[in-house]
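Taking the form predicted alone, here's one chain by itself in structure tokens.
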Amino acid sequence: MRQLLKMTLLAAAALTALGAHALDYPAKDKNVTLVVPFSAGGPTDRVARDLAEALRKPLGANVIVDNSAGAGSSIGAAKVARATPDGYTLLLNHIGMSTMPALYRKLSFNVLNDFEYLGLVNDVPMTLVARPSMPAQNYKELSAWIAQNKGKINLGNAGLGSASHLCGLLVQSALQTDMTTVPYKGTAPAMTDLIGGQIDLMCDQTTNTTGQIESKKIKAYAVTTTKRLSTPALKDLPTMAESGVKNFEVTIWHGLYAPKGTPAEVLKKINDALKVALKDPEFIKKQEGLGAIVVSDKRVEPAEHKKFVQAEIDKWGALIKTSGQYAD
């Protein structure tokens, strides 16, 4: 009984301390760490670094990026789930947040229950791209080339659970063609091999492909949105629907999270800062330059963010189950 009372008092003291810290959050002498569960230089890392800068002023603290890559973003996500819930450790993750429950049979955390949802940041369209030596000059010719080369096509991706992996599943499903998937440890090596002609195709985020398309290092055939994009390097690309692939739409989104149990006062301060950051002209300009669309709808609200992720879990879980592609 005495031991139980002692534990109860310690827990109460910890909660009181968190509450006191919440009042002066963020402290002037502390940085906020934004964990990115992917390698530096990749598309999500680029979004994170732009967001960190945009958050700095409205949050009133320096925001530093910590790359904790591996296992389809689950390593970085687990790190944040275990972190002290005081607002000084946050997570920026993409669509992988909604695919991990289906891809990984054993996770050390629950995506819906072990995080506080803070709001979505952006939507990132995908592009269907190919090696520069690909003979097809447009999507119609590419479709014919795919039909003629069944069983010989290499489709690259940045690893299990990556945006390019998910989009690749949709491409194969839509075209009813099985391709040899080649997983890499990140976007950079996959793109390097696509440019070098070691793989034939890839479906990846505009944040990663726009510069390569613009410099003509790779060939581009279509975007995965319902409407064409306004980004100069991509504005002439047709949509998949225009190209004859019906009901094909996929965007990769990024969201902000905190550990479960972070005080409500702290969550509100972070969400308020996020809303200001998403209206920052410089942040919007940088995102648009990469083909990304900054979120301005109700998904910037925590409850709507969580509702959206739940719907995405249902959507992608069915596709992953059908593909049979799981992690150990």
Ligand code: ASP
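Don't overthink the numbering: it's just position in the shown sequence, from 1. These figures come from a predicted structure and were not determined experimentally. For clarity, a rigid core is taken as the largest C-alpha set superposing within 1.5 Å between two forms.
Although not depicted, the form predicted together with ligand ASP is the subject of the following passage.
Asks: Which of 137-145, 203-211, 116-124, 229-237 has heavy atoms within 4.5 Å of ligand ASP in the predicted complex?
Replies: In the other structure, the partner sits against 203-211.
Asks: Find out whether any non-hydrogen atom of G42 is located within 4.5 angstroms of ligand ASP in the predicted complex, and reply yes or no.
Replies: Close contact exists here: in the predicted complex, G42 approaches ligand ASP to within 4.5 Å, heavy atoms only.
Asks: Even though ligand ASP is not shown here, does L194 get within 4.5 Å of it in the predicted complex, heavy atoms only?
Replies: Looking in the predicted complex, residue contacts with ligand ASP do not include L194, since no heavy atom lies within 4.5 Å.
Asks: Although the partner isn't part of this model, could you tell me whether G186 comes within 4.5 Å of ligand ASP in the predicted complex, counting any heavy atom of the residue?
Replies: Yes - in the predicted complex, heavy atoms of G186 and ligand ASP come within 4.5 Å of each other.
Asks: According to a 4.5 angstroms non-hydrogen atom cut-off, is A158 in contact with ligand ASP in the predicted complex?
Replies: Yes.
Asks: Heavy atom within 4.5 Å of ligand ASP in the predicted complex: which residues of 268-303 qualify?
Replies: Contacts from 268-303: none.
Asks: After a rigid core superposition, would you say the CA of V121 moves by 2 angstroms or more between the shown form and the other one, or not?
Replies: No, the C-alpha position differs by under 2 Å between the shown form and the other one.
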